[in-house]
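First comes one chain, alone, set out as structure tokens in the form predicted on its own.
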Amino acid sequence: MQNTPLVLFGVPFHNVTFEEAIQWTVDRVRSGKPGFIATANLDFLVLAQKDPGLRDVLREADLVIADGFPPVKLAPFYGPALKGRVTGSDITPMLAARAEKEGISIYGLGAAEGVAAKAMEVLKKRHPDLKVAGAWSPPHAPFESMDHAEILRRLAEAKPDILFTAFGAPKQDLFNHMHVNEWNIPVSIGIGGTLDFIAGAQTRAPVWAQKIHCEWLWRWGDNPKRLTKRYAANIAFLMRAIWLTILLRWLKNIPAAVDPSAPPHWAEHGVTYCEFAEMPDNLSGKIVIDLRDVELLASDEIGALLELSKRVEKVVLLHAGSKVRKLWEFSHLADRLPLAANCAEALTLVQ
């Protein structure tokens, strides 16, 4: 499995199939190192536009799967195609089936009172040898008011290998991200309303609606009061994203005005300078990367830069053209990968 994510509108997506995501989960459980999975759909893209904290959560997730058709359909316009939609609703029962074979334990957390326990009962009936470590539906409360200590106490007692967190987005992802370094749970995954579907508390859209990419429309019709505002925002964002895609494809790129002054002695400032096309693999410390000959960065190239920003002290991009700047503005990427117009600004930003 390729580790470098494809970054679409500021959100990373790992290019995996169901089978690869499941194998990643099994391997992570075997390693014992805690990590978390985000199941990101169009709503995540919308929420991440306004929430820097959620952007950080998604960028720091160990695996982000494309739980929605819009990212899958738009990906080829920005770089490699995503292999397909990997939904939380489908991967949860698939993980339970694999967990039975591997002797891996699971825990259901969240949903309405009694739903998590019921969902675990259903999975246990389907897979008699499945190890169910437990289930709990905490009282509904805002994220800040949740009894985190009690949840952590129960999880420490249960010691699950896989935690299915069903608080809804972005609450479930904020929760997993906050606690991933505190607990010894190898894999936690936010799964939205999946426990409701498994327990029969809610009915998922029929297969024919899923196949024609209209599952969201089915859900909207089933619960218009709750979903109208959300879907209106999603549709508005999607139209903006499509318009950006058209602009980036057809508008002429305006290269940056290259700084006419002599470049500073980067090494004297403790900075490594390189052009994007000649970027070495072993970069460290403070980095300035020159984009003067780059018209537009592809999604996997942005993913590589984001991964680099996690490993080094600071990354600043220099001499970005109009297309890169337009994409950066829309995607809110400057918080991790700031753009500098000239050498002096790059030095200021990298310090």
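Start at 1 and count along the sequence shown; that's the residue number. Please read these numbers as outputs of a predicted model, since none were measured by experiment.
One more form of this protein, predicted in complex with uridine-5'-diphosphate (UDP), exists but is not displayed; see below.
Engineer: The chain here is shown without uridine-5'-diphosphate (UDP). Which stretch in 111 to 119, 150 to 158, 94 to 102, 253 to 261 comes within 4.5 angstroms of it in the predicted bound form, by heavy atom distance?
Structural biologist: Looking at the other structure, the answer is 111 to 119.
Engineer: Is A169 a contact residue for uridine-5'-diphosphate (UDP) in the predicted bound form, using a 4.5 Å heavy atom cut-off?
Structural biologist: Judged by the heavy-atom cut-off of 4.5 Å, A169 is in contact with uridine-5'-diphosphate (UDP) in the predicted bound form.
Engineer: Within 4.5 Å, heavy atoms only: does D196 come near uridine-5'-diphosphate (UDP) in the predicted bound form?
Structural biologist: Close contact exists here: in the predicted bound form, D196 approaches uridine-5'-diphosphate (UDP) to within 4.5 Å, heavy atoms only.
Engineer: Tell me, yes or no, whether H265 is in contact with uridine-5'-diphosphate (UDP) in the predicted bound form, where a contact means a heavy atom of each within 4.5 Å.
Structural biologist: H265: no, not in contact with uridine-5'-diphosphate (UDP) in the predicted bound form.
Engineer: Could you confirm whether H140 comes within 4.5 Å of uridine-5'-diphosphate (UDP) in the predicted bound form, counting heavy atoms only?
Structural biologist: H140: contacts uridine-5'-diphosphate (UDP) in the predicted bound form.
Engineer: By the heavy atom within 4.5 Å rule, which residue out of G79, G192, G134, P186 makes contact with uridine-5'-diphosphate (UDP) in the predicted bound form?
Structural biologist: The option sitting close enough to the partner is G192.
Engineer: Name the single residue among K83, H269, K73, R230 that comes within 4.5 Å of uridine-5'-diphosphate (UDP) in the predicted bound form, judging by heavy atoms.
Structural biologist: Partner contact (heavy atom, 4.5 Å) among the options: R230.
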